[in-house]
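So this first bit is one chain, no partners, the form predicted on its own, shown in structure tokens.
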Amino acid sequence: MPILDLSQISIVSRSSYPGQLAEAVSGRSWQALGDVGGITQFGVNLVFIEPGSASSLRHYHLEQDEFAMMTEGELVLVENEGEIVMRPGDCAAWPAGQENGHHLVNRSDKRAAFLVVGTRTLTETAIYSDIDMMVTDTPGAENNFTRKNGSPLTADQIGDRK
């Protein structure tokens, strides 16, 4: 059985969000465990969230399922129905296509972490609940961020001060 040595797996910290929208996740980093293990049908990541940061902007997926399990610290799950504190061992699941925008926010003073597992599909669309934005992912192209109606984002929507 292949054992993954977490101390040997690089920690990545970046965002594909346009403009200043990336600031919301500036304290997010992760280890791509599934990729290192050769998993191709679903993604498995160990995600770290620093105090004051979020896992993502609040969103839901049209084609991909998501599952998260807390492993360290405390995060607040924010969904359509409200907020709930999650601690190690707590789990949450978001089936594809359910319009339940969600993200995890670190309101504590310590780093928190969770394991996230998600479907890998050839294409994907995610809808952002709190802003007029969606992202589409197609093979061979970068993430395409637009308004929900497909029109281009404007500088004021992404907080660009140019």
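This structure is a prediction, so every number in the text was calculated from the model and none was measured. So that there is no doubt, residue numbering starts at 1 and follows the sequence shown.
FYI, the form predicted in complex with another copy of the chain isn't displayed, but the following is about it.
Check: For the chain seen here without its partner, which of 126-134, 48-56, 105-113, 33-41 has a heavy atom within 4.5 Å of another copy of the chain in the predicted complex?
Finding: Within 4.5 Å of the partner lies stretch 33-41.
Margin query: Considering non-hydrogen atoms and a 4.5 Å limit, does another copy of the chain approach G118 in the predicted complex?
Written below: Looking in the predicted complex, residue contacts with another copy of the chain include G118, since a heavy atom lies within 4.5 Å.
Note to self: Is Q64 near another copy of the chain? Define near as a heavy atom within 4.5 Å, in the predicted complex.
What the structure shows: Residue-level check for Q64: yes, a contact with another copy of the chain.
Notebook entry, point to check: Even though another copy of the chain is not shown here, does W94 get within 4.5 Å of it in the predicted complex, heavy atoms only?
Noted result: So W94 counts as contacting another copy of the chain.
Note to self: Against another copy of the chain in the predicted complex, would A155 count as a contact residue? Criterion: heavy atoms within 4.5 Å.
What the structure shows: It does not: once another copy of the chain is placed as it appears in the predicted complex, A155 has no heavy atom within 4.5 Å of it.
Next item on the list: Would you give me the residues of 2-25 that have any heavy atom within 4.5 Å of another copy of the chain in the predicted complex, in order from first to last?
Entry: The stretch 2-25, when checked against another copy of the chain in the predicted complex, contributes P2, I3, L4, L6 at the 4.5 Å heavy-atom cut-off.
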